[in-house]
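One chain comes next, on its own, written as structure tokens: the form predicted on its own.
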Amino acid sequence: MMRTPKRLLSGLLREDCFLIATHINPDGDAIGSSLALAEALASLGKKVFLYDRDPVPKYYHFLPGHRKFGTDLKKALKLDPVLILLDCNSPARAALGEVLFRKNLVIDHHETAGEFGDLRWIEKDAAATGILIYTLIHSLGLKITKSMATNLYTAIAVDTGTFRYSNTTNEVLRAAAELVGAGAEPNSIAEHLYETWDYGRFKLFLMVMNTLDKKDGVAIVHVTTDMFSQTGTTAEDTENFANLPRRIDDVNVAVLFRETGSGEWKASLRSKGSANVARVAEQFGGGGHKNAAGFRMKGDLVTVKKTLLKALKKTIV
């Protein structure tokens, strides 16, 4: 059973104002964990700001408190807050590389970690940052409210593939059961996560899956800016697309290349079992988890595919 570091708890109790920031293009774990922690700290009388460079994706608008996220730092910085970097461990990942804070706290579960932070709680074996926040709230002696439960259950569900991935442990299931008891509704959350696509997103999905290129246990799909234009969608609509080719029985690694600009691509890697894609992503300046990682690369699509396949073959495939 993991424990919240005492220094982190005392730091949270001692300070009065916090800015909780998470990574760009936030996912369910980042958003749900941030909202639950913000509510917990606010219940202790703390002033809390929630920041992300990118707006909360529309399919996470069901999460209680999602409108509390802001994309402007000016108001928060006037109060000289302590930074809590959540679900990432580098300020650059949160688009905060140029902003200085008097104190920096890090709470994360990614395998690739730097040295940033005055206080760092990084549990590489934790299934989700949501598990860390669940543990922290208990350590603070606070009651988990229905809104906290909904946010934390969503955070954990997203990073465990709704309890299908190998990171689903007895600890994860016990936490999920308690969160359901506190008011989280699994059927409603699952419906919002997986059954509320608009027609444009579904059209984009069909386009992307039709780009499938499979070879030697690796399945690669891609999405271009032109596809977004044709379907009236954006990058946020591709969440979970990288996971789907992994369902093919003889595929060990699935990759989604997303065009971010002319000759620029973001690669999202997903793997099964022992295949560690974080090691591959690190070779290109990225990082992540053993079975989910990413990086950015410049070049034409043919070249970036060949470069990645060569690295995968050398490292894990």
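Counting begins at 1, following the sequence as shown. What you are looking at is a predicted structure, and each value in this text was computed from that prediction instead of being measured.
One more form of this protein should be noted, the form predicted together with a further copy of the same chain, which is absent from this view; the next part is about it.
Undergrad: Exactly one residue in 102, 75, 174, 146 has a non-hydrogen atom within 4.5 Å of a further copy of the same chain in the predicted complex; which is it?
TA: Answer to the contact question: 174.
Undergrad: Between 181, 97, 141, 232, only one gets a heavy atom within 4.5 angstroms of a further copy of the same chain in the predicted complex; which residue is that?
TA: The residue from 181, 97, 141, 232 that makes the contact is 181.
Undergrad: Might residue 227 be said to contact a further copy of the same chain in the predicted complex, defining contact as any heavy atom within 4.5 Å?
TA: Residue 227: no contact with a further copy of the same chain in the predicted complex.
Undergrad: Is residue 236 close enough to a further copy of the same chain in the predicted complex to count, meaning some heavy atom within 4.5 Å?
TA: Flag for residue 236 set to no.
Undergrad: Would you please decide whether residue 164 lies within 4.5 angstroms of a further copy of the same chain in the predicted complex, comparing each non-hydrogen atom pair?
TA: Yes.
Undergrad: May I ask you to check whether residue 114 falls inside a 4.5 Å heavy atom distance of a further copy of the same chain in the predicted complex?
TA: Judged by the heavy-atom cut-off of 4.5 Å, residue 114 is well away from a further copy of the same chain in the predicted complex.
Undergrad: Can you say which of 103 to 111, 76 to 84, 122 to 130, 212 to 220 gets within 4.5 Å of a further copy of the same chain in the predicted complex, counting heavy atoms only?
TA: Result for this chain: 212 to 220.
Undergrad: Which residues from 192 to 210 come close to a further copy of the same chain in the predicted complex, meaning a heavy atom within 4.5 Å?
TA: Contacting residues: 194, 195, 196, 197, 198, 199, 202, 205, 206, 209, 210.
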